[in-house]
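This document opens with one chain alone, in structure tokens, the form predicted on its own.
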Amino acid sequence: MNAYCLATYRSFDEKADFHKKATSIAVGLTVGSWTELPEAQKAQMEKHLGKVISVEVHEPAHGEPTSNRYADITIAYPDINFSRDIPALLVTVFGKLSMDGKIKLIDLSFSSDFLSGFSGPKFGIQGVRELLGVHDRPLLMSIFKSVVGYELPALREQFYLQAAGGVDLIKDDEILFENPLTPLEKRIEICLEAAAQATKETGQKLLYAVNLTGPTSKLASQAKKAIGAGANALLFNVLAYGFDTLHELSTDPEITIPIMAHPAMAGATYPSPHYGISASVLLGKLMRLAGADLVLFPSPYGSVVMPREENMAIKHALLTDDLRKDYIYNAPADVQLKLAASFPVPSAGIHPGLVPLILRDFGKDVIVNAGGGIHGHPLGTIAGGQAFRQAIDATMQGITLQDYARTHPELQSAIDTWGTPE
């Protein structure tokens, strides 16, 4: 019996026969042609032929422009056609098709055979929590800012101020590459010294996600060099390097620290309603499948806004336990597959006043990620971290930020500066 992966597309066209188009996709992206084949060859090629699973046409409502006419088309692609890796799957289901007018890949489901080739996150939410010893609240992360051109002493000072404010994780800026001023091993050394200093004061453990960069062929050795220098987490620009590179890193037995996926380049792919790949596939399913332990993506609240519906779809893809329903197509009843959940990290323009919204939408298993909301605090960077921790504590206790701020000046100052949602 053939195994299939499923792709769902949203295709916009004012006049198209979408059922005919679906058949054209199913045939064109698999055997190439069908009606012209001799009957004997059809029997041989049947196992390679794509299948139309469904076509749901949405006609414009009265008064809407005809350009709003679209169909959601789901095609099944035989696993026998492609190797068991994400690049092969993406090229099969959307390579040539991505250039065929207004059409967007909005969902993927995988066969149990395909999915069994992926172990998912090595650490995931529970593993990251165990490393930090924090199980009962959301985590707080801070971002280095203005690091390009800094020398090591200034970098160390910035790291210390963030850590002393009570954050759980600190990440490099994604644009901090290997350079003479802050080379990888020296950067790790001085940042971990600052982390140890802060830990003596706060009692908290800390993960530092150092940016993994360089030629693709040298990434694994660079990661191992970082681990040898004491690194306890990696930041990785997945979309610039590719999902298969992330998969290779995450499955390497010598890479024994969590990998944080940055969404750089994602804006070229997901935002359009007519083109590209949906955020839930690009930053959700494929990141988790390839092994990202933590996944950053634009929040629906701050400065780089993603619609809340898309955020919730990413959250679902990263956290769901129901793989049989959401990831696997036609799973046999006896299939037992498990992927660890990836930590969702909604980001960009986050300040303490937004914490109740983040926890409302994401619950306890979320990382509150801040840059300017910590560094730009009127009372300084340490107070910026403290204000976020106070906002998390208040929200977890069911206390309004305004009430909690009366006895917590760091939070009060943050509210005075950035406000709270109306």
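Here the structure is a predicted model, which means the values were calculated and not measured. For every residue, the number given is its place in the sequence shown, counted from 1.
Omitted here: the form predicted together with a small molecule. The next part is about that form.
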Please tell me which of Gly242, Gly349, Gly101, Gly127 lies within 4.5 Å of the small molecule in the predicted bound form, judged by heavy atoms.
Gly349
Note which of Tyr77, Phe297, Phe110, Phe343 lies within 4.5 Å of the small molecule in the predicted bound form, where distance is taken over heavy atoms; exactly one does.
Phe297
244 to 252, 167 to 175, 226 to 234, 334 to 342: which one contacts the small molecule in the predicted bound form at 4.5 Å, heavy atom to heavy atom?
167 to 175
Gly372: touches the small molecule in the predicted bound form, heavy atom cutoff 4.5 angstroms:
yes
Contact with the small molecule in the predicted bound form for Gly284, defined as at least one heavy atom pair within 4.5 Å: yes or no?
no
Pro263 near the small molecule in the predicted bound form, any heavy atom under 4.5 Å?
yes
Using a 4.5 Å heavy atom cut-off, state whether Val210 contacts the small molecule in the predicted bound form.
no
